[in-house]
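Only one chain is given next, in structure tokens, and it is the form predicted alone.
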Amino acid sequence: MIIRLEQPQDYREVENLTREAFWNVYRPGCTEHYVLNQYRDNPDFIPELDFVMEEYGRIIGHVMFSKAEIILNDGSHFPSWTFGPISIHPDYKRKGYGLKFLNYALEKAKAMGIGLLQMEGNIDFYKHAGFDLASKLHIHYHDMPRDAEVPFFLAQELIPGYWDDREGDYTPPKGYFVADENPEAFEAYEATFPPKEKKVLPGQLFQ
């Protein structure tokens, strides 16, 4: 297993991997591969934390990180970060690759001085990498009531004392909504991939 930085020649393979990993998971089809395609030119994208995982010369995993921010109770902007999409090829899921990959990326992020991460995901997996409900750190999801315990909104303080028991509201980076904001461009991009069946499945967040 090798973990390295993504290179331009990897882009299409990584986007196809991302499409395979997320297809029909959170919605019929997926948009994560288009988010990645557009995000590499976003000023919030962090190229030093744009990693791929290889096994026997095949890319089986990818993760990217982004700058973000929290609006504190006093209205000031507090620097923070997020990551994702994080993708593991379906053939390699539930074999420990994802956790090893994520822990490696988190160590690199911490070494760069990244003190606080928020993300959206399944706590049953991400708790093994140190994440917990963001509400326990008094970080609130932007479109939810402050007293709501949002089960998919997670956070972790990578550097102890970085957050220092503040309170505020987090909004995902604008670039994460590019497919919703530009549906025709997304459909044109999606058409460059082999057709796949979109399915409505139990547990999807968006249908």
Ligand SMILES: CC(C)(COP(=O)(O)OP(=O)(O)OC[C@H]1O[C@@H](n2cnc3c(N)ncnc32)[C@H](O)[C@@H]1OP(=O)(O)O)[C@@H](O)C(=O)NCCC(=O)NCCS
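Computed from a predicted model, the values in this text were never measured in an experiment. Numbers follow the displayed sequence, beginning with 1.
Beyond the structure shown, there is the form predicted together with the named molecule, which is absent from this document and is the topic of what follows.
In the model of the complex, at least one heavy atom of residue 122 sits within 4.5 Å of the named molecule. Proximity of residue 81 to the named molecule in the model of the complex: non-hydrogen atoms within 4.5 Å are absent; the residue sits far from the partner.
The named molecule in the model of the complex is approached by residue 94, whose closest heavy atom lies within 4.5 angstroms of it. Taking the partner from the other structure, the named molecule in the model of the complex has a heavy atom within 4.5 Å of a heavy atom of residue 128.
Across the options 7-15, 182-190, 20-28, 195-203, residues that bring heavy atoms within 4.5 Å of the named molecule in the model of the complex belong to 20-28. Of the candidates 112, 133, 72, 99, 99 is the one whose heavy atoms come within 4.5 Å of the named molecule in the model of the complex; the others do not.
Contacts with the named molecule in the model of the complex, taken as any heavy atom within 4.5 Å, map to no residue of 141-163.
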